[in-house]
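Given as structure tokens, the chain that follows is alone and in the form predicted on its own.
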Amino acid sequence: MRIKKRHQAGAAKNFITRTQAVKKLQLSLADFRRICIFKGIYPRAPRSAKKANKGSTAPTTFYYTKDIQYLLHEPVIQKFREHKIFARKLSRALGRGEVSDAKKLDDNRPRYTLDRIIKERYPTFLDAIRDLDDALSMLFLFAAMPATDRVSAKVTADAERLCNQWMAYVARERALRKVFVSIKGVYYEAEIKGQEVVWLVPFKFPQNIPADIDFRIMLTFLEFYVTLLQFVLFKLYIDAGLVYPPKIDSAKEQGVGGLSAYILESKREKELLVARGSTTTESSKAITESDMAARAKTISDAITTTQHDEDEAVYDDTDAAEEAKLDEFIAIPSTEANISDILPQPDEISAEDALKNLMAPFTIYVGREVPLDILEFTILSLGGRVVSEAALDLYAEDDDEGVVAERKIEIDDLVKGVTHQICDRPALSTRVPGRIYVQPQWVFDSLNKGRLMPVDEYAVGATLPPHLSPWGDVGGYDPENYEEDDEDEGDEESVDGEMDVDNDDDDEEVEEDVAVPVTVDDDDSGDEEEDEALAHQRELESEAKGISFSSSATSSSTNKKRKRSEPVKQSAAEKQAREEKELRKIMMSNKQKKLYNQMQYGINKKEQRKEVLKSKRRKIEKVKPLSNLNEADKKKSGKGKKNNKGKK
């Protein structure tokens, strides 16, 4: 029989320390971190760190041995080694003053791509979409950061470009489903190819970059996420029949920027333009990018127009309208032999289609004080049109007088069609007749509810309803079901009262009930004596001051005594269930008991949090009527003052 050597099997063989992995791969620690981030290899926690570390208890970082073995033949590692040789040669040439040789080396520097790694980590397109949450949040974070010595301007510009392309696609496809404005930023949820994608967009405030963050690791993640998002955007644009990358209006980009600067054009439209250009004369053969941009539809126009190109190519308008109608099913009458099922008639418009066209008939004017990027993206995703004050000012500026006159006519037409105006001011001095003035929260709540919310609750200067998270509370508390919870509690109290009355009336049921006396500890009796002494002291102090001391404190203490002394009545079934529960606990092992106690601790903590939130809600509900009365009194007093002034 062969003698087994120590540390040759089990955890010692399955795990490897970070120092051993770096030596095995012959890399520096920085390159090892980069390749692990690219390949998705992360540290692991073994069950017994002592066994995995071959008897040592020193704190170490462990990896799977198979993962490190998998990295041995990675082509990107070879590129890292080539780059190390290139850096050594370049520094030597610069040190010798050989500028021409250094320039040749710099032109031929080794470069690597992450395309193959992306395909390895995400075999299908849906896998890549599922992993977009962190990628989008990281890109939007760097897009909002200023350029510094640690983060170059090119990095922030590329991140901002990809973020705008993503938002342009989501707005055109009307894939936005939820919005939540929080302290950290704005949370969005979009449905892409049946998958829910959630990302966070920070507010555009001046960012204070902390000094204790290792930006090398964050830039490595960013490099991987940029490549991933480029793959995903290319596939999404191609599937939607759009040209990628989308064109940019340079004039708008220099001014307002954002989504309005991106021009989305379909592939079919581009092919038609090229075909027309090839059949015309030499003067009209060359189609410049400005002509293409002028003929192409902007984002807002492309979103508002309906897409019926394929239907019109096959059918006429009348045929398409007839086919759009749903068939009506008539149930066959039931007989003794056959019983027919009556199925519900399908709706003509689904909830998803209604959400996509929620603001289609509206043209919304956004004021200067409102963040344009957030509201423009949300309104365009709901099918509406956006007119901003800053964009109109830029639109009217031009050197040519004829162009200015034409644009003024277009601006007048746009302004005349405005139905809503979003403003975030306490009061307005002037109002345009025919417009509905609302606060920005009206747009977000309408999207989250899936229907247009009442405008009166979101009027200018009105107290807004609470902006709740559409994903609910982590602890399971739902503030919208507050009234239902109160009704359930009232029903339970009424049922308990009826049961008590029945138990008092019926002698037979009293015999079944078991009175379980509540024992009072010595500590509780000591606390009661202290409470009585304090109450007596307060009574003496009030008598010395000449104030009549109410006996409410003493009565409350006597009531507490009665409640403690009264036995708690339990039915025989409840007592039996409680005893069975205790027996099950006795049969548990120590490990199971610990796990059970942890579970009960978490459940009790959640329940306590719910009770705290419910008590806060009750306080708010009590304060609301008082505030409404105060506002009504103020209005009456203001009217009275005006009338007195008129009389004078």
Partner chain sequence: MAKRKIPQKGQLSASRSVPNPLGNTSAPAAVRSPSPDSTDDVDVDNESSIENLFDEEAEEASDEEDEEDQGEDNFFNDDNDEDDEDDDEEDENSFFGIVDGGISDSGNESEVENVADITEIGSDDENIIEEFDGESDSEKEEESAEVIKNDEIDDDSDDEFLSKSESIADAESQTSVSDNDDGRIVHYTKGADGKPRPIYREIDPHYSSDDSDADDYNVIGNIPLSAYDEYPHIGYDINGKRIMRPAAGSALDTLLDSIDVPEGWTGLVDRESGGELKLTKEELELVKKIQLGQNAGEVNPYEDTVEWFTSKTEVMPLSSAPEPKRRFVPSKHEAKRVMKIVRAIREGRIVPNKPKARPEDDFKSYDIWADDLPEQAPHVMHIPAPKQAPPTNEESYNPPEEYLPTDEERKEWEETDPMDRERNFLPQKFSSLRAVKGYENFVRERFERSLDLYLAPRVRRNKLNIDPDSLLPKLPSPQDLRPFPIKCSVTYTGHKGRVRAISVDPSGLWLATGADDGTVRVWEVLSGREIWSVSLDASEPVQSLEWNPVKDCGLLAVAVGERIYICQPPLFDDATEATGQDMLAAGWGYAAQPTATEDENKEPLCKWIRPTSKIANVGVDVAIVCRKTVKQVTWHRRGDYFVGVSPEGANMAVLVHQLSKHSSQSPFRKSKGIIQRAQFHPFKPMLYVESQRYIRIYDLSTQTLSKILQPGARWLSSFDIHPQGDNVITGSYDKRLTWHDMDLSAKPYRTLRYHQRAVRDVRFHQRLPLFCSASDDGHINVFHGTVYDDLLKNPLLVPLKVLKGHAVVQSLGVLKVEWHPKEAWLFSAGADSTAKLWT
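Model, not experiment: these values are computed from the prediction. The term rigid core refers to the maximal set of C-alpha atoms that superpose within 1.5 Å between the two forms. Positions refer to the first chain, counted from 1.
Below: the form predicted in complex with its partner chain, not depicted.
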As a check of understanding, the residue in Q26, S48, S56, Q592 with any heavy atom within 4.5 Å of its partner chain in the predicted complex should be identified as Q592
Partner-free chain; cross-checking its partner chain in the predicted complex, the single residue of V181, A147, A87, A572 with a heavy atom within 4.5 Å is V181
_Touches its partner chain in the predicted complex: I68 (any heavy atom, 4.5 Å)_ = no
Is K622 near its partner chain? Define near as a heavy atom within 4.5 Å, in the predicted complex.
no
Report whether the minimum heavy atom distance between S429 and its partner chain in the predicted complex is within 4.5 Å. no
According to a 4.5 angstroms non-hydrogen atom cut-off, is S388 in contact with its partner chain in the predicted complex? no
Note: its partner chain not shown here; in the predicted complex, the stretch from 103 to 111, 351 to 359, 79 to 87, 448 to 456 having heavy atoms within 4.5 Å of it is 103 to 111
Applying a 4.5 angstroms cut-off on non-hydrogen atoms, the residues of 571 to 590 near its partner chain in the predicted complex are Q576, E579, E580, K581, L583, R584, K585, I586, M587, M588
Superposing on the rigid core, is the CA of S28 displaced by 2 Å or more between the shown form and the other one? no
Is it true that K449 shifts between the shown form and the other one by 2 Å or more at the Cα, once the core is aligned?
-> no
>> Aligned on the rigid core, do the two forms place the Cα of I37 2 Å or more apart, comparing between the shown form and the other one?
In response: no
